[in-house]
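Shown here is one chain on its own, the form predicted alone, set out as structure tokens.
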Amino acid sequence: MSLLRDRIIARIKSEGPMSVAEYMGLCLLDPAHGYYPTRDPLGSDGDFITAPEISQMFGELLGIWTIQTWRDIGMPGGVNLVELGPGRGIMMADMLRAARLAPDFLDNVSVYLIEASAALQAVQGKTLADSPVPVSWVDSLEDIPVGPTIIVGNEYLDCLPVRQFIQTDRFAQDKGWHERMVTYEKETDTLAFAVAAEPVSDLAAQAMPSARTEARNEDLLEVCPAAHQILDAVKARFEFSPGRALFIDYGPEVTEFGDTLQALKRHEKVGVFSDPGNTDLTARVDFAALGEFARSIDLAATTPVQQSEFLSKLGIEMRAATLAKASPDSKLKIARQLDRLTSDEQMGTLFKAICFQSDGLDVPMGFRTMLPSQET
């Protein structure tokens, strides 16, 4: 059993049941025994593989998107390029390689990486050792200099802690929601879920997406306060300087009820309490809820699009053809990579892209429409 499990049990015994978000936060980010601060979880030898690990095309296209965004915001000098959760640095390396097509962009950009894992920071440093632009590591968006900012996050939001709520009496409406907690069962020596006796506060209920009013008894709804905090920080930054924030992740376009919390270990699903601190915990991203929250703080947001559509509009088929022509022996491999990133059976429809931006900008490349403002 993990040392973190013992600490979690001791804490529950001392303070009572903890929220699912608190449990996730400890498992993923505890400095001594958490998942991200203590290991490199990526690649075939890790617990999961992300799009940049699958193909260079993914990062290259995001590099093109970044150049276009820089042009859309007026080609300012001193622009911050920020990546949240940059993995091994592969996506940023691919982005910067594509950005060599625009030397004027590289002359004006500095890269900032926000990474919780010391192990991954070391890998990122090696990957980006020959970067054509300055690279720095910071703890949060607030640590980045004021100025024009372009933010990207691939498979970042899904690892943020979520709170889970269960509707116990739909006729009581918001008063029927109770928080799902993590508790310890002494008889079986196991961690387990429980439901808080008291209903949630009015503030917690109001932070849930509007779809909560459609819930039936025993429906479960997930809310990600950390994502709201990120959008608050994005809004504050874009109040004074132009920019965009692009997120690509897996989840539905509309709010869905149900428990999506899962644990992964060596590419296999395991129990969420099976090995705290040694398994990756994720939950699906509620893109509708992100858009709702953005509207509530007057942050301009696109409607989400499927990853297949987003990458196609950025030219992934053309890029695949170019790579295959340059390396005929890799033609089948490139075709498999393209299929994995864009097909309905792989990542194409499950993964979505959404963009938040400063006021006055047109619809970003790769997207169709903007969400209506609150006044509309």
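Each residue number is its position in the shown sequence, starting from 1. Computed from a prediction, not measured in an experiment: that's the story for all the values here.
Below, we turn to the form predicted together with S-adenosyl-L-homocysteine (SAH), even though it does not appear here.
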Within 4.5 Å of S-adenosyl-L-homocysteine (SAH) in the predicted complex by heavy atoms, the stretch out of 310-318, 49-57, 324-332, 63-71 is 49-57
Would Ala194 count as a contact of S-adenosyl-L-homocysteine (SAH) in the predicted complex, using a 4.5 angstroms cut-off between non-hydrogen atoms? no
S-adenosyl-L-homocysteine (SAH) contact at Glu115 in the predicted complex, heavy atom, 4.5 Å: yes
Contact test in the predicted complex: Pro148 vs S-adenosyl-L-homocysteine (SAH), heavy atoms, 4.5 Å: no
Closest heavy atom of Pro86 to S-adenosyl-L-homocysteine (SAH) in the predicted complex, within 4.5 Å or not? yes
S-adenosyl-L-homocysteine (SAH) isn't shown here, but in the predicted complex which of Cys159, Ile144, Val305, Ala215 has a heavy atom within 4.5 Å of it? Cys159
Could you list the residues in 20-37 that come within 4.5 Å of S-adenosyl-L-homocysteine (SAH) in the predicted complex, counting only heavy atoms and keeping sequence order? Leu29, Tyr36
